[in-house]
Each structure stands twice: as structure tokens, then as C-alpha cells.
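In C-alpha cells, the next block holds one chain alone, the form predicted on its own.
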Amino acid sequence: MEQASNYGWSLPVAASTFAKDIDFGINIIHVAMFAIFILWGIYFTYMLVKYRHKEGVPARYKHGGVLWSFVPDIVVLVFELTLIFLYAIPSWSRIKMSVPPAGKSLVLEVVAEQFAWSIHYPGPDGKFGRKDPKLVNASNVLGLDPHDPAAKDDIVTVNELHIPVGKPTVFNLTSKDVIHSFFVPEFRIKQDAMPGMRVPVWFEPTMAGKFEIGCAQLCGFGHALMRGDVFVHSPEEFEAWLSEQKPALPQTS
């Protein structure tokens, strides 16, 4: 059965815990801009009618005072400051600064490169193995060190992020080459991935299903091909999927 589209005439479906907070900000800005557009339209129409050309009436410059010129600017400034201090800063702090603790979340690593997303799971031991750029090749895309015991059970997927619904997912985002941008519209996540930096990102999915990962940064000739999928499973389905995965490194005795 084909999955229904996550997109319609408005914003995509809200599939994370903080998506509705971001939607509130987007909606209130659109309503405010529409209200300003209507008010300015009424004002300009009134002025065009009131001061239209009339025979025998000379044009004269008339000004109501400097203060009246600043009234619209002051009203807009007060609105924007109110929006920043009562909505934007608290929401930014809650979404970007309050990362859930590792014990209550699924912890991953996401590595971007031209033109793919590699997802690194720590494996049954819960420890991420050591990586070495010198070991990167076609069969070891993250350069996992086979001599590190913690790396032997690590799982790596390419362009597939599997997570459970209802549990926070925390990952460090980085890039091998150029600047990319991890973008999942349904989760309201867009975060740049930069070489040499590990940027923490988190979200909690509220809806099972399949969602597309896009790159929101023009990253090269094959930018349009750089896409992946997020599969949000029930907790039982996720555990079953995880148990079926084989370690990324060849197993030796």
C-alpha cells in the first residue's frame, strides 16, 4: 500500500515534538505580514482617493510631524522584539540547547559526503569505534579501525536512518568534504554539516512512517542526488531491524 504524501497546500505534516512550536512562529509571521500588507493597501488606496487630482486645487506639501513618520516603524519594532523575546529565544533554547541525556535517547553519528549520508550506530556494546580517515575506502566508508574492539560490532547504513517513534534521537553531524545541510522538513530540522566540526542535533519523532532526508546546501555537481530516507518504526520493529543488521567491518576470529 502506497504511503500518503506528507505534503499538501501548507506546511508538511508535523512529525516531531517541536515541529508545532516552529510552525507557530512561521504562522504568526505570515499572519502579521498579511495584516501589514492589508493595512498598507487600505492606507495607500485612501491616500490615492483623497489626494487625487482636482481642477483648481494646487498641490501643497503637508506633514504631520516627524513623530508620526516613525509610528509605523515603532509598532513593527515592538512586534518584532516581542516575538524575539517571548517566542524565538525560548523556543531556540528549548530546541537547540536542551539536548536529551544519552541514557534516555538513541545516540548516533551522521556523516555527510558528496553525495551520501552515512549513519553510524554503536552496535550492541553501545560504544562507537575509533575512526581513521586513512582507512576510508569503498567498503569502509567511515574508516572504522578494525583493531579497535569497540568498532567490531558497529553498524553503518548509507542513506537510511532507522529510528524508533517516541524516543529522542541524538546525533553528532559532521562532513567529510564540503558544507552540507541535513534537512528533514517533517521534523522541522535543518542543520549544516561542516568538515572538522561535530554539531549535536536532536529530535523526537511522533509519527511512524518514511520521511525524506535532503541536502539544503548546494554542495556540488551531484547535489540533487544527495538524498536519503528516515524510517520511523515502532519500538518493537526498530529492535527487530537492529538485530538483523550485520557489523560494518568483516568479522575475523
Partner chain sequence: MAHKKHDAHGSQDFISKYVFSVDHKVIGLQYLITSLLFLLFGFILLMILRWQLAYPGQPIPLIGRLLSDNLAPGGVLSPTFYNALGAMHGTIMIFLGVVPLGVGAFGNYILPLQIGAPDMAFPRLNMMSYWVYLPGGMLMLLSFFLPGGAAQSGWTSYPPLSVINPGQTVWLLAMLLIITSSLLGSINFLVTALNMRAPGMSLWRMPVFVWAQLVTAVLLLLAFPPLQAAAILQFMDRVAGTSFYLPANLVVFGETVRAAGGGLPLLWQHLFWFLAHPEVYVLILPAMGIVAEIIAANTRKPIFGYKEIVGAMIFLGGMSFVVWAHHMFVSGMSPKLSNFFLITTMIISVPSVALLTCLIFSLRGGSIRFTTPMLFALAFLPLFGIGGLTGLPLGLSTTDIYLHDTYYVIGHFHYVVVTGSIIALMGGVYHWFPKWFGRRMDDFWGKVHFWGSVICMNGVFFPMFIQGLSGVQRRLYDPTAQLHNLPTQPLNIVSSVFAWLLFVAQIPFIWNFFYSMFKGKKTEENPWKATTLEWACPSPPPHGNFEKTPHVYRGPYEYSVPGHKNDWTPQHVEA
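Residue numbers count along the first chain shown, from 1. Small disclaimer: the values here were computed from a predicted structure and weren't measured. So that the term is clear: the rigid core is the largest set of C-alpha atoms that superpose within 1.5 Å between two forms.
Below, we turn to the form predicted together with its partner chain, even though it does not appear here.
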**Message:** Just to confirm the contact call: exactly one of 148-156, 164-172, 93-101, 122-130 touches its partner chain in the predicted complex at a 4.5 Å heavy atom cutoff, so which is it?
**Reply:** 93-101
**Item:** Partner proximity in the predicted complex: residue 207 to its partner chain, non-hydrogen atom cutoff 4.5 Å
**Value:** no
**Prompt:** Is residue 114 a contact residue for its partner chain in the predicted complex, using a 4.5 Å heavy atom cut-off?
**Reply:** yes
**Request:** Using the partner position in the predicted complex, report whether residue 77 sits within 4.5 Å of its partner chain, counting heavy atoms only.
**Result:** yes
**Message:** Quick check on residue 31: any heavy atom within 4.5 Å of its partner chain in the predicted complex?
**Reply:** no
**Asked** Does each of 108, 231 and 249 have at least one heavy atom within 4.5 Å of its partner chain in the predicted complex?
**Response** no
**Request:** Check each residue of 12-45 against its partner chain in the predicted complex and list those with a heavy atom within 4.5 Å, in sequence order.
**Result:** 12, 22, 25, 26, 29, 30, 33, 36, 37, 40, 43, 44
**Request:** Once the core is aligned, please say if the CA of residue 243 is shifted by at least 2 angstroms between this form and the one not shown.
**Result:** no
**Item:** Is_shifted residue 34 between this form and the one not shown (CA, 2 Å cut-off, rigid core)
**Value:** no
**Rigid core superposed: residue 65 CA moves 2 Å or more between this form and the one not shown** = yes
